[in-house]
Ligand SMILES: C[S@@+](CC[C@H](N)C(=O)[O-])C[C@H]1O[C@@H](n2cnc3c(N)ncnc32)[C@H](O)[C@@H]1O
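Take a look at this single chain in structure tokens; it is the form predicted alone.
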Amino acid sequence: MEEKKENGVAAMAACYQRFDPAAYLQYNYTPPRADFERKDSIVPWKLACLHRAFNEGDVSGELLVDIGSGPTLYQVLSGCEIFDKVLLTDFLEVNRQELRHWLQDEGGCNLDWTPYLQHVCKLEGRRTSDWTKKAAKLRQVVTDILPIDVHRPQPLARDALPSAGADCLVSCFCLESVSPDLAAFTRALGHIGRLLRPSGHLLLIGALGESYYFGGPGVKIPVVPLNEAQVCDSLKESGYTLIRLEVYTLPQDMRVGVDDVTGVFFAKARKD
């Protein structure tokens, strides 16, 4: 049984060796999926969920850890105003390198994050011209970009976090797309929970009804197709209390052929 588990995880890791950050960003983080003029576009929906969750008053502390950042930054644009320190993490060096390019402000990025920064400024009631201040703040509070493996009981290096753990975790489209099956997804939720202090919060975004996505031209990566009930059950089984679950259904023109996702969930939960 253990061997079968390990084989499934190893097969998933092998799938990611050809992952192409530039193609992935192009597929998912440009219009129509990132159309800031449209209320029904997927990226503005995600940013609104995160903004609301970070600003309700119950999420606070010193350290925010982003689990499986990929090559993206949008998921910490609201949190960087709340927490003094933000840690980004990813399994792949190519993704960590993409994030470093932006954080070191050295050019070479595969996506211009300016419209994202401007949109979140707007959500916060600030002028869109304040995006440069937000970019500077994010660069200031991100203290490191670390390797992570959510399938290990200790996903980060032992000395990566203070002994008390993180105050909040955010994770977007990571666990279901690196797990061979639902049981592995649930185990990964438990593993990352060990990084979180008791009563700390988890903000989780993921795909519903998705069986694959393209991580680059011809790079088809299998995904665990989740439904809402499975998300709720997995969170409960892994030691979280669900505070809120929201669901977004993709309009037809958002189904652009780079995956077979039908919806997206946002979960706000607290560690028991």
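Quick note: we count residues from 1 along the sequence shown, nothing fancier. Predicted model only: the values in this text are computed from it and were never measured.
The discussion below concerns the form predicted together with the ligand, not included here.
Participant: Among 120-128, 136-144, 80-88, 166-174, which stretch has residues with heavy atoms no more than 4.5 Å from the ligand in the predicted bound form?
Facilitator: Within 4.5 Å of the partner lies stretch 166-174.
Participant: Heavy atom within 4.5 Å of the ligand in the predicted bound form: which of 148, 202, 76, 195 fits that? Just give me the one.
Facilitator: Of the listed residues, the single hit is 148.
Participant: Should residue 92 be classed as touching the ligand in the predicted bound form when contacts are defined as heavy atoms within 4.5 Å?
Facilitator: Residue 92 belongs to the contact set for the ligand.
Participant: I'd like to know whether residue 178 contacts the ligand in the predicted bound form, with contact meaning heavy atoms within 4.5 angstroms.
Facilitator: Looking in the predicted bound form, residue contacts with the ligand include residue 178, since a heavy atom lies within 4.5 Å.
Participant: If you apply a 4.5 angstroms heavy atom cut-off, which residues in 22-50 are near the ligand in the predicted bound form?
Facilitator: Contacting residues: 24, 29.
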